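Below sits a lone chain in structure tokens, taken as the form predicted on its own.
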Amino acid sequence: MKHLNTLVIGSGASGLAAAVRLNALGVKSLALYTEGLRMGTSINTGSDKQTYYKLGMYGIEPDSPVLLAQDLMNGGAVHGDIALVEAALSPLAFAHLAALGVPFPHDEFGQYIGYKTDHDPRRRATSCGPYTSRDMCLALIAEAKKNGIEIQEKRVAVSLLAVEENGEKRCCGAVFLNRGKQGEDALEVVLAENVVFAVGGPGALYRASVYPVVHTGAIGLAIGIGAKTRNLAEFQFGMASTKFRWNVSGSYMQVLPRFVSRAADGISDEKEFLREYFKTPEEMYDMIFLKGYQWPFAAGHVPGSSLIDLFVNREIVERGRRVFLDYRTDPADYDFQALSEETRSYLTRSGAVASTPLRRLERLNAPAIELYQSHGIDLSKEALEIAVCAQHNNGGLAGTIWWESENVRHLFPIGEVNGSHGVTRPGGTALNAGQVGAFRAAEFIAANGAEETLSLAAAEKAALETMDRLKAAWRRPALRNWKEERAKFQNRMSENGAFIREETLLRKALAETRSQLVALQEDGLGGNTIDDTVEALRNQQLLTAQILYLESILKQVLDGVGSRGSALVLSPRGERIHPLLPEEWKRLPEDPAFRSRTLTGRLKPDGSAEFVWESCREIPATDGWFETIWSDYRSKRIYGAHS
């Protein structure tokens, strides 16, 4: 068994930032464990212009931490003190990345220019281009290696370790499988005073997902030890390509591609299916253009641009067809002059008036074409298959203002696995939140975690119990194929727990999930390769997570939260969505009273779910006095705030 002061699990942008910052603050008994530095979401994703959201730093437009915090709260279900921390530390976290060489654009005077993103009243957003988070990772990896931080790759966390201490639960390390070894020799235990949990969102929960295939997520490990969650039901969905997983947002829509569907073979019986829902081609194309600005599915845009997501999903799910974007030709009745003033003006001012969607895309955003070419997709020769996909979890584990788990001490969930966001948020806030969380956890650990408080005897006992359970499973033959089992729960989640939600289907999905988890826990691991063993164990934590996600979604449906954020709740008590959709397509309106609350939950030891609606805390009033705050800082009294 290895013993460290701080174990970082995960090597996305937040995990890397935490390791770099911990090292800079003097925490040397430190290691980062990861499946691979080139795996995960941060280094493998982007968008047509991937956004980083921060405090305004340009020109005369005024901004302040409190103003930014208010805008982070405006989406609903956000605690004000956490929003204030994310706002206040955004300049420091951003400057750290810029100092490491991340190429955020600035003018000749050193001002970092910004632009408005969605849900953003000021020009706070910035970008390095399509691969902002990848650029962040590369800079942080270089810094970690320069400073000699220990990095262990090919390690997959299969269990978090926890012990009871003074009536509280605390995390004390993790068990990993080393993919470079076979059988029981692959088991590794790391005991740690502190665990920074930077494992990203639950990418493998859904079949229709834009998370990179190499990213699966591990929130189920924390749920399995009883860690509290916040706002799990608040997922974000949007249209994305499926052959290569990428959001078709922004310019991919603004150049007005043809939406076509084909039979299940993907070849025959091609139709421009959107036409049946619109009175004129121009009305249809204006809505497609608007979709570029309003890419995520949003209940507030129904009626509106998010109807397109519903029509696409209906074509795939109800009619069993496949949907494509075709950039190669305009239809015969395409009339640029008949489009709305907004659409015509944007394309004209952007120099993107041309005879086909592809030529318009070449002029508006040529790298968007090159991106697909680099992944073997030539938009001049083939249509791009799409679906409405899971894209980001605004919810996650519940953390304090220092990003420590609310009920499992010494566990620090940072990045997407931390549920600091609410129902909606300004685009790009996730990258800022991940960096701020890394800084906060590192500061708290450096200030409070140097002293060893962990009982090694208790931690070793917990580790041995976990090892014994895993070894017992190895002695039983594996009877189930992990790929088939994963396909079952991914299909279930996409069909019942995605952006269209209905009580009866959720109850059925929950029962199936619980039964499947019991069956997999009873199955063995014997006869598996190490890769099969990893994936079989991963299925168990993903199913554990799926239980609480479905329970959270069902809780919101039963309590009457209604349609909000990226979720549409269907109910016989609702209102018709569109005259050409079937009668059962009735939307339950949102109850805005829930915007001032967050939903915390956990799995109890008996496997049942427990939920509490908490009132959102206000933004703290901070009219401080320098000498008093300086004294509190020097004496470390500021770290006593665990709320």
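Not measured: the values here are computed from a predicted model. Throughout, we count residues from 1 along the sequence that is shown.
Beyond the structure shown, there is the form predicted together with a small molecule, which is absent from this document and is the topic of what follows.
Chemist: Within 4.5 Å, heavy atoms only, which of G238, G114, G422, G428 is in contact with the small molecule in the predicted bound form?
Modeler: The residue in contact is G428.
Chemist: Can you work out which of V323, A157, I308, V569 has a heavy atom no more than 4.5 Å from the small molecule in the predicted bound form?
Modeler: Selected residue: A157.
Chemist: Is there any non-hydrogen atom of G173 lying within 4.5 Å of the small molecule in the predicted bound form?
Modeler: No, G173 is distant from the partner.
Chemist: Evaluate L205 for contact with the small molecule in the predicted bound form, applying a 4.5 angstroms cut-off between non-hydrogen atoms, and reply yes or no.
Modeler: Close contact is absent here: in the predicted bound form, L205 is far from the small molecule, nothing within 4.5 Å, heavy atoms only.
Chemist: Consider T598 of the chain shown here, and say whether it contacts the small molecule in the predicted bound form, taking contact as heavy atoms within 4.5 Å.
Modeler: T598 lies outside the contact set for the small molecule.
Chemist: Given that the small molecule is not shown alongside this chain, does P357 nevertheless sit within 4.5 Å of it in the predicted bound form, heavy atom to heavy atom?
Modeler: It does not: once the small molecule is placed as it appears in the predicted bound form, P357 has no heavy atom within 4.5 Å of it.
Chemist: Does the small molecule, in the predicted bound form, lie within 4.5 angstroms of each residue among S14, T34 and G46, using heavy atoms as the measure?
Modeler: Checking in the predicted bound form: S14, T34 and G46 are all within 4.5 Å of the small molecule.
Chemist: If contact means a heavy atom within 4.5 Å, which one of 91-99, 272-280, 386-394, 344-352 is the stretch that engages the small molecule in the predicted bound form?
Modeler: Result for this chain: 386-394.
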